[in-house]
Ligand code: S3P
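Before any questions on binding or motion, here is one chain by itself as structure tokens, the form predicted on its own.
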Amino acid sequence: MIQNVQGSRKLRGTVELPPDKSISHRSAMFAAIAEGESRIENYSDAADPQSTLSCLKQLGVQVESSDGYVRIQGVGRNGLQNPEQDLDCGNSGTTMRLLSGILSGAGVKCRLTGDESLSKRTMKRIITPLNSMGAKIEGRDGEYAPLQIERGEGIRGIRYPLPIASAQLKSAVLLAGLFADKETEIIETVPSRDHTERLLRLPVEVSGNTTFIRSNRNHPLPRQNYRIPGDFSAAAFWLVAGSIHPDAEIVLEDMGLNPSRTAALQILQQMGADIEIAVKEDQFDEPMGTVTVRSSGLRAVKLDPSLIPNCIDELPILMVAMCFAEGRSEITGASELRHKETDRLHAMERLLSAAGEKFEMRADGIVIQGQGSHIPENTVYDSEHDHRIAMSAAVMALMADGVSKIEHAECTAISYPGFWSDLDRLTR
């Protein structure tokens, strides 16, 4: 699918954000291994979280969707069944990595597969610690999907310093630890997303710059009864669009404001973005609020590498913001971008080149000389089938005088099925 995007004279309106993908995945998985029924409101209809629901059904979990709710009948820690067919995780790394922790702990025999993109993403980072806990996971060439999980001799608790700041790795180990007789302890020196700790209410201790998170089989699993907030990663595209456009005011309702996710918001404010935040009372353990972004002049920024894990998914759209900021912006320590749905540093190199921007690509980041100029019309952007690249290209295209084309634009359904209709509404 090729999407035409017309440069717009204004960006105004209210956006109902898609539900948070990270929380949707976790809420369903945690509800499945809890006891009793969970009622999850505003569950994401994006492709990735739907892959999680499909896998849970194959594992013998009763899942029903109606009236804006997903109802999941939990089977407890020991109630998951061996599936008759492969568990297809689609494009979802979160599904594959987190389920690997749960299924290894539960002793389920199965095979996890994924699409072409997911099958190129390394799973070694979870295979190694899970096997050290007593799991039996084998991957293609030792690190790629499909993953074959066999019933092991039982999960052992471990003390595991995270080698990289990764919420998926952290969660996989903690979830396996829920089946261990002894405590599993994660040691984290660079903070990553904390949805798993919040939703499972795991014991967390902070000492200086180090966080200790613990799980074991005696930890009670809470039912997942709440409304999922709007996805911050989706909101980031509108935060940047509203900041760089000369005539914009965009209101984002029920936006997730978990501090382990919102570094991009802080970075935009540091760049001078006009962003107003009205925090609502916490609906459960995840804060949310209404956020309004208006046109502003941005200045360049040099990102603190310690913030990278907190904004890794937002870095492509932040690069777009940097193109319209006054001065020289720099991102370093972002080599993890090369291991996403695509090599996102390479994909952004092609996008920015197509837009005529001045930049220097590096092995772990980029230097961008902001120009603030109009983007040439009739530009063709290749999304490389990556949803975040496609939406970043759309925001860039809004600043052109004429029409731009975005190839493989249907990939936005991975995380934001309504993106193109929201874009159309804001530009009318």
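Computed from a predicted model, the values in this text were never measured in an experiment. A residue's number is simply how far along the shown sequence it sits, counting from 1.
There is also a form predicted together with this ligand; it is not shown, and the following applies to it.
Quiz item: Hey, of 94-102, 262-270, 107-115, 139-147, which bit sits against this ligand in the model of the complex at 4.5 Å between non-hydrogen atoms?
Solution: Stretch 94-102 is the one.
Exercise. Quick one: from Arg156, Arg77, Arg227, Arg125, grab the residue that has a heavy atom within 4.5 Å of this ligand in the model of the complex.
Key: So the residue touching this ligand in the model of the complex, by this definition, is Arg125.
Quiz item: Which listed residue (Leu200, Leu318, Ala167, Leu352) meets the criterion of a heavy atom within 4.5 Å of this ligand in the model of the complex?
Solution: Only one option qualifies, and that one is Ala167.
Quiz item: Can you check whether Ser22 is within 4.5 Å of this ligand in the model of the complex, heavy atom basis?
Solution: Yes, Ser22 is a contact residue.
Quiz prompt | Contact flag, Asp313 vs this ligand in the model of the complex, heavy atom cut 4.5 Å | solution = Because a heavy atom of Asp313 falls inside 4.5 Å of this ligand in the model of the complex, the answer is yes.
Self-check item: Interface membership of Arg328, this ligand in the model of the complex, 4.5 Å heavy atom rule
Solution: Although this ligand is absent here, Arg328 would stay clear of it in the model of the complex, with no heavy atoms inside 4.5 Å.
Self-check item: this ligand contact in the model of the complex: Arg294, any heavy atom under 4.5 Å
Solution: Output for Arg294 is no: heavy atoms all beyond 4.5 Å of this ligand.
Quiz item: Going by this ligand in the model of the complex, which residues of 23-38 come within 4.5 Å of it through any heavy atom?
Solution: Sequence-ordered list has one entry, Arg26.
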